[in-house]
Structure formats: structure tokens, C-alpha cells
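Just one chain follows, in the form predicted alone, and it is written as C-alpha cells.
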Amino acid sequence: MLLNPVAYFAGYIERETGIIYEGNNDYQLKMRLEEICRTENISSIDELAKLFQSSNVSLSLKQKLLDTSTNNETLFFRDPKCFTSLEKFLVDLLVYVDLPEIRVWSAASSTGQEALSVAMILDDLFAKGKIPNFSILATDISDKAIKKSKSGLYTEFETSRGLSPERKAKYFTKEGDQWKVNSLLHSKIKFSYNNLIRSSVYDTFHIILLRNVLIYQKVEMKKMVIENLSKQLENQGALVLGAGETLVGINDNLHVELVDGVSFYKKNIMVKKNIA
């Protein structure tokens, strides 16, 4: 028997995702582990830990642990100021750069509301002729969250959080007791699994959204993730964090530009001077 099986799983989750469980969060993790034991008919957290240390643990059980460990709390247009600033940033960018397509990555997309919120903003701009076509990649470490995103189905409660009646009427249709995203808008987004610690995304983007992720990680992990993401920014693109997050002491290769009070982190581009 492990002396502290909860601590074992805290270490496992940190290694796999970078998410930290410590202090008061230990109780939250314990509750989540007990829920896994109940649904999987495993007698105790000790037995669950033994299973994870053996060669018999299934990939589905490992994924269930990761699904349980992540915080999938989200809503449409979470922090509305971010989205109005994003709109302004892109319109201003296109004054100086001619782009055939705008590529956006929602790098911790949860159940899809963030990516869909961006899609609604961009669809409106595209319809007005202000931007070219666009595509969005939405990834998350939770298989459960990705499956929900791919379904395009949201409850009455979920669509009441942050979504205006006008956008709901334009982009959603009622299906039973749920609301289904418009297929044309949904098709603009590719939903897929990705672990930022061992990322399998290699494309470059004009906007990368990584909001409310770094707050759960240690400094070393933050540095690694941001270093990797900075390489995937187009030269004039930007990384957007959560309202309470910063790159101070994390990365020196990006500088911040404020758009209506929202921080957009852009690459430091070296300009070569012509020497006569």
C-alpha cells in the first residue's frame, strides 16, 4: 500500500499534464479519484494506484483520470473584453499584412465554447468583408471535452451563459432539449486531442489562445509550454492569455502589445539594417 496514494496521483497528473494539485486541492483530487473508483467498481484509491503501477492499467482508464483532473469550467464569450479586443487586433493587423487566411488555435479549448465564440466573431467580420477566410484548431487534453465539442450540442443552461439571444438565434437550432451549433460555423473548427506537454500540433497561427491554463502549472512547465507556442506564432501573430495571467519572468522572446487593455504577446522580430 502506498503511504499517500493521492500524492501519487498528484505526481502522475503533474508529469502527464503539468497541472498541479497541492495544498487545499488535495481534497478536490481525492474526491475525483473516489468518483473514478465508484464508476469503475474499484474498491479504493489504494487499489486504483496499484492498478496504475501495474502493466494492466488500460489506456481508457488513464484517459479517464486525465479527463477528471482537468478543470473544464468555461462559457461562451468568457471575459467579453478579450473578444472585442481580438476583433480589433485582427482588423488592424490586416491593414498592414495581406493574409489569404486567418488561422487561430484554441490551445485548451475545453468543451468548445471559446473556439465557437471566436468563430462567431470571425464569421461576422468575414460576412462584412473585413477579413479573409479563417480556420480554427481547438485542442484539449480531455477526450470527454473533445467529444462534446465535436457533437456541437449544448444545454439550455450552457447556451444561456455568455451567449446573446441574437447569436443564439443565428448560430444554434433547438434539438430536443439541447441546442445544436450551425453546421457551417462548426465546420470552420477542427476539434482534436492534444497534450501541450507533448504537443503534436506543428502548424503556425496568427492567434493562439491559452487562457486560464498557466495558473495551474509550475514555472518550469510554463516556460516550456510558452517557448513551444512562441515558435508556432506567425511573425505578426499573437498569443493571448487569461486576464490574470502574465509572461513576466516566463519568456523574453515575446513582447506585449495592449489592445483596449487586453495583452497580446507578439514575437520580438529582429530587423536587419542595411549597411552602406
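From 1 onward, residues are counted along the sequence shown. Source: prediction; values computed, not measured.
Keep in mind the form predicted together with a small molecule is missing from the figure; the text below concerns it.
Candidate site formed by Arg78, Ala108 and Asp140: every one of these residues places a non-hydrogen atom within 4.5 angstroms of the small molecule in the predicted bound form.
Using a 4.5 Å cutoff between non-hydrogen atoms, Ser263 does not count as a contact of the small molecule in the predicted bound form.
Though the partner is left out of this view, Arg211 does reach within 4.5 Å of the small molecule in the predicted bound form, counting heavy atoms only. In the predicted bound form, the small molecule sits within 4.5 Å of a heavy atom of Ile197. The small molecule in the predicted bound form comes within 4.5 Å of no heavy atom belonging to Thr159. Figure note: of the listed segments 128-136, 141-149, 165-173, 86-94, the one touching the small molecule in the predicted bound form, with heavy atoms no more than 4.5 Å away, is 141-149. A heavy atom within 4.5 Å of the small molecule in the predicted bound form is found for one listed residue only; from Asp177, Glu73, Asp98, Asp203, this is Glu73.
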